[in-house]
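Below you will find one chain, with nothing else, as structure tokens; this is the form predicted alone, and questions on how it binds or moves follow later.
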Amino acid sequence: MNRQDQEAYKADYAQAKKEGKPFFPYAIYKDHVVAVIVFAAIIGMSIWQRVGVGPPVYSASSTFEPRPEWYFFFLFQMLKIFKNQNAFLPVIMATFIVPNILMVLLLATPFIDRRAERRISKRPFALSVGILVFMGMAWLTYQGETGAAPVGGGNALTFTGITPGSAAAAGQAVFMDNGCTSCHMVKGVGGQVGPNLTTVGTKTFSATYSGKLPVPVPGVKGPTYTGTGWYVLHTQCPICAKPGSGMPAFASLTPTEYANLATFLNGLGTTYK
């Protein structure tokens, strides 16, 4: 802080101290009034929105969607966002890396914005950080409550046109087992982070990529990729097929799994409904 700011701060502080009100009884009285209002609001909401007892637990149920308490909805949604074929990625990102980054940002805010001014209208950086964090938490909480829970297993969704043992059936199993419904919705099941894939097979995609596929798939080669070839390219290298794509690359599948998954996706909304 330079000397001019120091002098201005001292002058403002002296004037506020001269005109201010004493801690007792003014500040104590005001704190008690606020505390009474907060407790009254909590008691009122507890009476208005009672917590009921749900039905008895039925262990054989296959439709139950486990969800955490509301104050963990944001973490629940983050686990879905970072879910990938790597079993450790969602846990590390959602429970360690992202929360710690936010915590460090919160602790560093007073050191970054070191001006003496305490009025909130004069602290745009601190105010902006607080608003952004609050909005992010609110959005994640809302998505965690309203979004579909992650599902797994190849039989979680049923389609007409898919016969057991076919390439499409195997592709559906790959789709479900790799957590694709964490981001994509299909027939009302799944997340909303990525595009809805219910009728993705009705769309035409094309990409030109001169490089080599990370995992060669028989019958799929460039430089022009269309149909099932485009889905193979997009799964292995999303930004190669669609520049700017935020989808993570799935690089651990086998050539047969890539081909089966592409067959399944290419037929959604047309052959498979």
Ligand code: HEC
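Quick caveat, the model's predicted, so the values are computed rather than measured. Heads up: residue numbers just count along the shown sequence, starting at 1.
Beyond what is shown, the protein has a form predicted together with heme C; the following relates to that form.
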Residues in which of 96-104, 73-81, 183-191, 162-170 have heavy atoms within 4.5 Å of heme C in the predicted complex? 183-191
Any of the heavy atoms of F205 lying within 4.5 Å of heme C in the predicted complex? yes
For P248, is any heavy atom within 4.5 Å of heme C in the predicted complex, or not? yes
I'd like to check something about T228: if you look in the predicted complex, is any of its heavy atoms closer than or equal to 4.5 Å to a heavy atom of heme C? no
Taking heavy atoms and a 4.5 Å cut-off, does R67 contact heme C in the predicted complex? no
Note: exactly one of V129, L157, L140, L197 sits with a heavy atom within 4.5 Å of heme C in the predicted complex, namely L197
